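Take a look at this single chain in structure tokens; it is the form predicted on its own.
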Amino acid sequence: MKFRCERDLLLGVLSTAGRAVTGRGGALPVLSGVRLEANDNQLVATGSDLDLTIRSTIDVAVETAGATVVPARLISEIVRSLDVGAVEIEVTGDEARVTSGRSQFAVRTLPIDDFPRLDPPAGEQVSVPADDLAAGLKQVVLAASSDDARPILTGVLMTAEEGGLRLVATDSYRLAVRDLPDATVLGEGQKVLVPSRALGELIRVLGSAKEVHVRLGERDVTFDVAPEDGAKVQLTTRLIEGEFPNYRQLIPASYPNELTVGRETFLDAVRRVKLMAREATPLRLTLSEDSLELMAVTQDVGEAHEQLDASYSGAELTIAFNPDYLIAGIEAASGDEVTLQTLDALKPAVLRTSEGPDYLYLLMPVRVS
């Protein structure tokens, strides 16, 4: 195998495919590598940990077709270290030679026969606007758990909802729900649980693409992305098996207390007051007529107070939250204003955006004395 292409393009496909590589290899050391296949003046780089597979494709000048597997991290570091310009890779036997200008590297390849054979994507292809999907995923993926001990909570629920698509994630401390009314990925009554890690990687590759092509199989889902600039990317991930929690019962039908405040003003104030919320100290919000007071007190460190103008209806109330979770919800909301709806100091509160009912961020309060 022998091909030639520009350094930046090559680094891009190696980095993208390499994000599916665990680095550990485990029982299959070859999974620490990225598979390179050059044919028909195209290079396909594939990385996989068996749960997540990412293929990235670019046009290159192919002199001799072929395929190999090279250590993912090492090959990316080598290409990144090279000067801008053309890079040539030639594979002979169990050695890959990387040449650029006066720089030359020889890298031992991994056994290509050990690299898993990956089935082509199954299922009917449907298209979704890339901008809408990216915006929805950014608002929801943040609420998924990273604790593999509870795999159900590490996923994002995708469910058909009133002619569109609903995205839901929770880590049991917070819940994010986003509706995409015009996305018809699933059939009526259908739902799947997609690993949040895979969707986080999907957000990164959506780039300038206008559409995402989705194919849903029995045990996996595939996303094909073709940005206007850069490499074509195909991301396939196994679905999570199991029943997602009944999130609907967590959302009260109505709230007696409602606060509306400028989003940027609120976000900046929370970030400032959070500076004094050390050692897992919660951030307290006192809601009263036309006013919102933020306070954080950490013993032996100090305290911070800030008062904001706000519109409030309901009983005067003090409620406390994990400041990081509160910041994440405000950041994810769009629009100029956000609304915080509460029942009391111990019941879940809901953060909504001024731009419509399509997004909801539910947050469990912290009990304080």
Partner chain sequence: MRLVIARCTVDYDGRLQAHLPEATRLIMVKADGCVAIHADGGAYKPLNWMNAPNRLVIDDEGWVVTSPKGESLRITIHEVFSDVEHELGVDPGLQKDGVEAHLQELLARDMATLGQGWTLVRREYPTDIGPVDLMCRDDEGGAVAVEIKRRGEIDGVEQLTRYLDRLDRDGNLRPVSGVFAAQEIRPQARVLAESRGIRCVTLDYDALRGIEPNEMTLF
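The model shown is predicted, which means the values in this text are computed figures rather than measured ones. Numbering follows the first chain given and starts at 1.
Same protein, other form: the form predicted in complex with the partner chain, not shown, and the subject of what follows.
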Checklist entry - Heavy atoms within 4.5 Å of the partner chain in the predicted bound form: which of the stretches 172-180, 196-204, 270-278, 99-107 has them? => result 172-180
Checklist entry - Hey, in the predicted bound form, is residue 191 touching the partner chain, heavy atoms inside 4.5 Å? => result no
Checklist entry - So in the predicted bound form, does any heavy atom of residue 153 sit within 4.5 Å of the partner chain? => result yes
Next on the checklist: Quick check on residue 86: any heavy atom within 4.5 Å of the partner chain in the predicted bound form?
Outcome noted: no
Next on the checklist: Considering non-hydrogen atoms and a 4.5 Å limit, does the partner chain approach residue 348 in the predicted bound form?
Outcome noted: yes
Next on the checklist: Counting only non-hydrogen atoms and a 4.5 Å threshold, tell me whether 19, 129 and 134 all contact the partner chain in the predicted bound form.
Outcome noted: no
Checklist entry - Can you pick the one in 297, 250, 74, 122 that has a heavy atom within 4.5 Å of the partner chain in the predicted bound form? => result 250
Next on the checklist: If the cut-off is 4.5 angstroms on heavy atoms, which of these, 256, 245, 164, 262, is the one near the partner chain in the predicted bound form?
Outcome noted: 245
Checklist entry - Hey, which residues along 178-204 are within 4.5 angstroms of the partner chain in the predicted bound form, non-hydrogen atoms only? => result none
